[in-house]
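Before any questions on binding or motion, here is one chain by itself as structure tokens, the form predicted on its own.
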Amino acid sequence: MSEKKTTNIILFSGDYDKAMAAYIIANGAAAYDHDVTIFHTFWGLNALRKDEQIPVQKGFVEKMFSRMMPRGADKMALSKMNFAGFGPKMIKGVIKKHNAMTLPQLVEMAQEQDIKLVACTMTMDLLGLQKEELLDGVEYAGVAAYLADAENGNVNLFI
């Protein structure tokens, strides 16, 4: 009996389309019976942010980061053709027309498939993000934990 295959994804990008690609690959790998981990770091953490504002104590710089970063997966911008926010509206219209899943739905599906969603604690400290601001069920770890998972991984991607 062979060991289960593993897929490890670093989601660094805060772009809607790139995050969507990461979650499509992750959900596909889970459907193929892989153990899947998505390690969210820097702007990729925005995919894990709750939509609503959570009252937490922050310093000035952390408050500025919170205001500048999108709150939740559905508010992320496109990597190309963002057009001051009009691009994401267009792509979401195309997604709806084709009955495809939105990024928030893909995140939810990942949680349902027991995909391990990990938030980088070092980046959270740098950007002033707190656990209360992220989705429930997220795990918290540093780069060493990602490297331990990726060391014997079958598929390792950086998005």
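One rule holds for the numbers: they count along the sequence shown, beginning at 1. Here the structure is a predicted model, which is why all the values come from computation and not from measurement.
Omitted from view is the form predicted together with a further copy of the same chain, to which the following refers.
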Review point. Contact between Ala100 and a further copy of the same chain in the predicted bound form at 4.5 Å, heavy atoms?
Key: yes
Check your understanding: Is there a heavy atom of Asp114 no more than 4.5 Å from a heavy atom of a further copy of the same chain in the predicted bound form?
Key -> no
**Study point:** 4.5 Å heavy atom contact, Val94 and a further copy of the same chain in the predicted bound form
**Key:** yes
Review point. So in the predicted bound form, does Ile25 come within 4.5 Å of a further copy of the same chain, heavy atom to heavy atom?
Key: yes
Practice item. Enumerate the residues of 11-42 that have a non-hydrogen atom within 4.5 Å of a further copy of the same chain in the predicted bound form, in sequence order, or give none. Key: Phe12, Asp15, Asp17, Lys18, Met20, Ala21, Ile24, Ile25, Gly28, Ala29, Tyr32, His34, Phe42
